[in-house]
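To begin, one chain is listed below as structure tokens, in the form predicted on its own.
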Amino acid sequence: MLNKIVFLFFFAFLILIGFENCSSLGKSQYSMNKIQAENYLTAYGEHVFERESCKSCHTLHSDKQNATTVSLDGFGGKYSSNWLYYFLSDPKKFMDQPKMPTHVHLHDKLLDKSTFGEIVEEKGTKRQKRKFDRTWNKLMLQADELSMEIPLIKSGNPDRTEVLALISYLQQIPSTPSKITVDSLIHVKLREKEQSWDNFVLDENSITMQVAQLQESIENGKVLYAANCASCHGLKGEGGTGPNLTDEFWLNGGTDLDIARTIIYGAVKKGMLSWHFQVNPTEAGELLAYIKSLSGTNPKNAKYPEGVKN
């Protein structure tokens, strides 16, 4: 009888130990699955975002934005990775008196395996060497894939650097529910602008071309340009990811009609998007007026000529 009691006690003890081990294994496996479900480069980028104190100037919630904090709510996919690469290097080319400092040092700082190891441990995942090495190799592949979107890297500059991780993180920042609501209201307004193009025909007699001839259109066009065009063409038209708008060379034709057509319908194969969803025919004319006023202004750091001389 005593032997049976000892046996039952011992059996119960083994079950208890086994349950605890399974529970512990489950937690470890959950942590590993959690990080594997993520983009490793993005996880590294989140670390860079926090290390560079980006949160001191940015919030991920639009309803928490204020005079000193810029919201990145829904930022993911808003700009190309190529544009972000240039912007992080020199914000001054895209913003008037920017408060944001340059992050050019990230362009040269290589992704670090030991740093990634710390990130993995912070997420509660044990660093098993074989699994960690595979994870690190996947991160390297993700960096290579992202670098293919950036022509400057393909031309020979260092790749697999921390700027790629930060770009990867910025590109996945989603929209919060409140941002989605605001965007839906904006979508209604954009639909109204889209309808303003119904039955529109671009020719010398169109409202767009008439407005472009008015002197007062230049100031209105300057405001529209700063909000929509400066991010690619520079605040003064000097060029950036997009071409220089102040010289005599044009990728899609330099006549007034050519420029208006490019603004309205875009030139997707050359990286220029259509703007007729963002502006109405009158605003397109105001943009044209301002762009024409940039001709021959010769701003500092102007980009090299591209296209054909007008």
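Each residue number is its position in the shown sequence, starting from 1. Quantities reported herein were computed from a predicted structural model and do not represent experimental measurements.
Quick note: we don't show the form predicted together with a small molecule, though the next part is all about it.
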| query | finding |
| --- | --- |
| Selected contact from 235, 100, 140, 207, since only one has a non-hydrogen atom within 4.5 angstroms of the small molecule in the predicted bound form | 100 |
| The single option of 79, 200, 86, 132 touching the small molecule in the predicted bound form, heavy atom within 4.5 Å | 79 |
| Exercise: residue 47 in contact with the small molecule in the predicted bound form, heavy atom 4.5 Å | no |
| Contact label in the predicted bound form: residue 228 to the small molecule, heavy atom within 4.5 Å | yes |
| Partner proximity in the predicted bound form: residue 259 to the small molecule, non-hydrogen atom cutoff 4.5 Å | yes |
| Contact of residue 64 with the small molecule in the predicted bound form (heavy atom, 4.5 Å) | no |
| Contact test, all of 57, 243 and 263, partner the small molecule in the predicted bound form, heavy atom 4.5 Å | yes |
| Partner-proximal stretch of 112-120, 86-94, 209-217, 183-191 relative to the small molecule in the predicted bound form, 4.5 angstroms, heavy atom | 86-94 |
